[in-house]
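Before any questions on binding or motion, here is one chain by itself as structure tokens, the form predicted on its own.
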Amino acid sequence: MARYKVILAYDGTHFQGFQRQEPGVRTVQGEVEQALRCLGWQGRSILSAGRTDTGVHASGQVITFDFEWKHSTTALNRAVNAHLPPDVAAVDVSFTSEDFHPRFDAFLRTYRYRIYCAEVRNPLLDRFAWRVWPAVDPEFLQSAATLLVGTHDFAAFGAPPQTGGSTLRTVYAASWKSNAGDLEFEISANAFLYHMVRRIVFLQVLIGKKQLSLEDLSQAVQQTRSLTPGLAPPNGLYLTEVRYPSK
């Protein structure tokens, strides 16, 4: 029996999130476990680096599972993909230590959020980006992003995964960049609160539209001051990377 580490990519549009739910509810975890069972896997549950919400995408989700497999990791990668639907794929399969946990061993996670500014919706973009109009000011977005870096109490931006849990998080980097006319926000932290990235993007867009001030955001970060309620839609969000200490 060996423990395998798999990097997953998926289009979250038609999933009710990552985590397995009751029968009949389509989730990423459910599809992956079904594919593994087709190969003879008899485990109870795979482990994951995080539980993305309904409609959220990933290019760097990490899962692990224990499995008695007599062939190469390349063969396992191909076999798993052969049983997965078109909107999920195993990008890479490798061996890992028997005590490795994709969630608790991670020291950094990176999310990316994509927006585009247009008066008229674009069906070719709307599946993977949030259409924002009136247009935002990119300089205001970048100024807002810099306020997030550091260790802060992010209680104004989300809820802890467990009731009563800490809302302290360390953001290592946060920035906006232009990509082929779109705007992409990238943020890396040791961990994230529930809905934290979508909340942060929503508030930054208000700043970019000059409907909220940088001072308001600064006070929310520094003093956990409550701000205008709202979340950016899930379709623009991607989990892109999870990092682990070298062993």
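These numbers come from a predicted model, not from an experiment. Rigid core here is just the name for the largest C-alpha set that superposes within 1.5 Å across the two forms. Just count from 1 along the sequence shown to find any residue number.
One more form of this protein, predicted in complex with a further copy of the same chain, exists but is not displayed; see below.
Novice: I need the one stretch from 163-171, 81-89, 102-110, 144-152 whose residues put non-hydrogen atoms within 4.5 angstroms of a further copy of the same chain in the model of the complex.
Specialist: Every other range fails; the passing one is 81-89.
Novice: So, residue 219 and a further copy of the same chain: in the model of the complex, are they within 4.5 Å at any heavy atom pair?
Specialist: It does not: once a further copy of the same chain is placed as it appears in the model of the complex, residue 219 has no heavy atom within 4.5 Å of it.
Novice: Can you work out whether residue 119 and a further copy of the same chain are in contact in the model of the complex, taking contact to mean some heavy atom pair no more than 4.5 Å apart?
Specialist: Output for residue 119 is yes: heavy atoms within 4.5 Å of a further copy of the same chain.
Novice: Can you work out whether residue 134 and a further copy of the same chain are in contact in the model of the complex, taking contact to mean some heavy atom pair no more than 4.5 Å apart?
Specialist: No, residue 134 sits far enough from a further copy of the same chain in the model of the complex that none of its heavy atoms falls within 4.5 Å.
Novice: Does a further copy of the same chain come within 4.5 Å of any heavy atom of residue 96 in the model of the complex?
Specialist: Residue 96 lies outside the contact set for a further copy of the same chain.
Novice: Pick out the residues of 1-32 whose heavy atoms come within 4.5 Å of a further copy of the same chain in the model of the complex.
Specialist: 9, 10, 11, in sequence order.
Novice: Given a core-based superposition, decide whether the C-alpha of residue 179 shifts by 2 Å or more between this form and the one not shown.
Specialist: Yes, because once the rigid core is superposed, the C-alpha of residue 179 moves 2 Å or more between this form and the one not shown.
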